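As structure tokens, one chain now follows by itself in the form predicted on its own.
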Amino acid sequence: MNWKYLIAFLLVGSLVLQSCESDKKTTTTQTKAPVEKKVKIPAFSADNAFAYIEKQLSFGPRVPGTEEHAACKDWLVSELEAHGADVVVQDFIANIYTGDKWQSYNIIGQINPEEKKRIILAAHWDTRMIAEEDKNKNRQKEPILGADDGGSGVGVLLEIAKILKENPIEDLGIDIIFFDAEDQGKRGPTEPPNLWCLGSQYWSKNKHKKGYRANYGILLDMVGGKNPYFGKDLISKEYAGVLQEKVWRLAHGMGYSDMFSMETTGNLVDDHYFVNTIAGIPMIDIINYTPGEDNGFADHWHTHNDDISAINKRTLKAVGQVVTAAIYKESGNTFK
């Protein structure tokens, strides 16, 4: 044997082994990018969402502590269960600014509860105890039906729950949360914001599962009105600006630029404020609010005109389809 060639062979072999070891170390220390998958985005049915709103209205005003509220709670639980969710009912006492203490319920529908990667889809399901904006002063102390303010967000999310059952996602956990006692605060510029959104405050301090975390959340509030203005509120921008930008770009790409404005609005105190500041989970708000116009909300807001006639199916379709697309793109690692 020629020792020169043997030594050369051994040297080359040694270099190859070192190279392999080096490549192996490099591979194990690098963070792998998520694999992008093609996913089919299911169609969102505005007709189904509309029917879910009608069903909520059939119970009457859903003011905490009333029989109508309790009956609607039972229906919401059964509906989420029918769509395959594991449901947790979080009961708590809402301390209203009037001094009243009302039995209230946060309802959490868990889809793929064992998955670590999770997102939250939320809306409030209670309705206002008074109609202080109604032009008929004789009816201002009566509770409202809340087709848009409460009912629309719930209707959209129930349809998304139905979609998820029929078109399962296996690698993403989704928690549909219906917050209670959101709309029972006292109006006035000097009133502290924590008089509102009592359900989200309670949940943020007492999450339904120990050690619960979510990557982010999307809140829906008043997403069924005609000619809506979904601006980019500053609370969402401050705490979840990247998510807000992605959702709004997605909406524009899907042809809904007439509803989703790239302009910023004010600091809106809604359920997302407390999820961001107390729970520490980035959450955005899709809410119909036009800055600079009276109180900024739709004409039917906190009036008895917030009935089924206030609901527009194209608005439901736009919001529902955008959120549905965001979910499935998240599952496919293409939500960018």
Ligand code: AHN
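Here the structure is a predicted model, which means the values were calculated and not measured. From 1 onward, residues are counted along the sequence shown.
This protein has a second form, the form predicted in complex with the ligand, left out of what is shown; the following refers to that one.
For a residue to qualify, one of its non-hydrogen atoms must sit within 4.5 Å of the ligand in the predicted complex; all three of D221, F297 and H302 qualify. For D180, no non-hydrogen atom is located within 4.5 Å of the ligand in the predicted complex, even though that partner is not displayed. Of the heavy atoms in V269, some are within 4.5 Å of the ligand in the predicted complex. Though the partner is left out of this view, W196 does reach within 4.5 Å of the ligand in the predicted complex, counting heavy atoms only. Look at 75-83, 181-189, 252-260, 159-167: in the predicted complex, residues with non-hydrogen atoms within 4.5 angstroms of the ligand sit in 181-189. Shown here without the ligand, the chain has only D149 in 130-153 lying with a heavy atom within 4.5 Å of that partner in the predicted complex.
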